[in-house]
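The chain below stands alone and is given in C-alpha cells; this is the form predicted on its own.
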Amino acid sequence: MTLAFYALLFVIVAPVFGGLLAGADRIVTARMQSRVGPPLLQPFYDVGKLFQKQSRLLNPIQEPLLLGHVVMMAATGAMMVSGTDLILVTFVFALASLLLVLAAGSAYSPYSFAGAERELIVLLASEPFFILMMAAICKVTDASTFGAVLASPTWVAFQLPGILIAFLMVATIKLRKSPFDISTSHHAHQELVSGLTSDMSGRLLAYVELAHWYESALLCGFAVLLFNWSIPLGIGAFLVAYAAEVLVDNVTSRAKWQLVLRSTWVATLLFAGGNVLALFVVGR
C-alpha cells in the first residue's frame, strides 16, 4: 500500500476513533458520577446537530481559521503516517493549535480572549516537550519518519522512560483534562463559561470538536511511536493512559495557569530533558 493510502486512511479513520473515544469518555465519567450517561455514539449525534444549526459569526475570518484548524490537524496526522519528518510534523501540529488561538482571539469577547491567551500558555507548556520527544525518538532509532521508527529494532519506551513519564503529563493538557484544562471546559459541570469556545456556535463548535478528535488520534500515534515494537500495544497503552486521565479529570479541580506552566516545564526539563541528556552522555 502506498504512503498516500495511509494518509487518506488516517483522515477517514481518525475522527471515528476520536469520536468513539469521546463517547467512551462520557460513559465512564457518568459511571464515576453515578449517572447512566449518554450512548457511545452521542458525540457523533452532537456534531451532526451542530452542523445543522445556525452559526453566529463574530468576525469574518473566524470560520476560515477554524476550518484551517481542522484541516491542519488532519494534515498533521496524514503527514506523520505518510513518511514526513517527525520534527516537521511537530511544528505543523503547533501551527494547527495556533489557528484555534487566532480564531478565539478574533471574537470580541473577554471570555474568548482570555481562553485564547490560556491556549497560548498551553502551547508554550506542551510544544517544547513534543520537539524534545521527537528528537529523542529520532536519536535512539536513527530514523526520522513514522514507518522507519516502527521498523527500528530499538524498543523506544525502554530507551526513553523519562519521555514516557512526561508524555503522560503533557497528554493531560492536549486531551483537555483537569487539572490542566485551563483554556476551555471539557465537561459541562466544570464551569459555565467555556473559555476560548464561549462565543462559538453551530458548525464553528463542530469544527473545534472534529479537530479535537483528530488531535486525540494524533496523541495515540505518538504513543505508538513510544511502543514501536507493537502497534496494538501502543494503542492499548494509550487507552489505559486515557482511562487514567478520565479518573484524574473527575477527582481534581482546575489548576491555575501558573501551576500548569511551571509543572509542565519542570516535567519537560527533568524527565524529558534529563533523558535526552543521558542519551548523549551514554552515546559518547
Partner chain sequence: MSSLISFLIAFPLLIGTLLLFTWWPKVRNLIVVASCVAVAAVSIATVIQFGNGNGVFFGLPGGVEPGAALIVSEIAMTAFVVAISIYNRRFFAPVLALIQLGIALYLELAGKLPEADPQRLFWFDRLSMVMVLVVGIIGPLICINAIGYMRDYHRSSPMVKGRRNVFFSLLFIFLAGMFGLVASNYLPMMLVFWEVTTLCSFLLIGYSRTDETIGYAFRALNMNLIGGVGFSVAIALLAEQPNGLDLAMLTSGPVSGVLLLAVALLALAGITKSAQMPFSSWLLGAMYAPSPTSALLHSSTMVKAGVFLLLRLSPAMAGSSVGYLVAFVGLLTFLFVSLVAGTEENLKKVLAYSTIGSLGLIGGCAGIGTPELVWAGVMIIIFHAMAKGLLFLTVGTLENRLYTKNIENFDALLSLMPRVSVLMLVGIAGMFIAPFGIVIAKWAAIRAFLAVPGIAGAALVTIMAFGSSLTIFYWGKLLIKIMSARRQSDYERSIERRISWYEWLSEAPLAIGVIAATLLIGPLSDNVVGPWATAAFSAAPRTFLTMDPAALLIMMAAVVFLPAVAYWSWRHPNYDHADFYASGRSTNNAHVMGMALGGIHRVSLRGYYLSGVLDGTLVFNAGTLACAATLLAMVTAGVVAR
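Worth saying up front: this structure is predicted, and the values here are computed from it rather than measured. Residue numbers count along the first chain shown, from 1.
Heads up, the form predicted in complex with its partner chain isn't pictured, but that's what we're talking about next.
J.: Work out which of the listed stretches, 210-218, 172-180, 112-120, 155-163, brings a heavy atom within 4.5 angstroms of its partner chain in the model of the complex.
T.: Checking each option against the 4.5 Å cut-off leaves 112-120.
J.: Verify the contact flag for residue 251: yes if a non-hydrogen atom of it lies within 4.5 Å of a non-hydrogen atom of its partner chain in the model of the complex, no if not.
T.: The answer is no: residue 251 has no heavy atom within 4.5 Å of its partner chain.
J.: Is residue 265 near its partner chain? Define near as a heavy atom within 4.5 Å, in the model of the complex.
T.: Taking the distances in the model of the complex, the answer for residue 265 is yes, it comes within 4.5 Å of its partner chain.
J.: Contact with its partner chain in the model of the complex for residue 64, defined as at least one heavy atom pair within 4.5 Å: yes or no?
T.: Output for residue 64 is yes: heavy atoms within 4.5 Å of its partner chain.
J.: Would you check, heavy atoms only and a 4.5 Å threshold, whether residue 59 touches its partner chain in the model of the complex?
T.: Residue 59: yes, in contact with its partner chain in the model of the complex.
J.: For the stretch 19-56, I need every residue with any heavy atom inside 4.5 Å of its partner chain in the model of the complex, listed N to C.
T.: Heavy-atom contacts to its partner chain in the model of the complex: 54, 55, 56.
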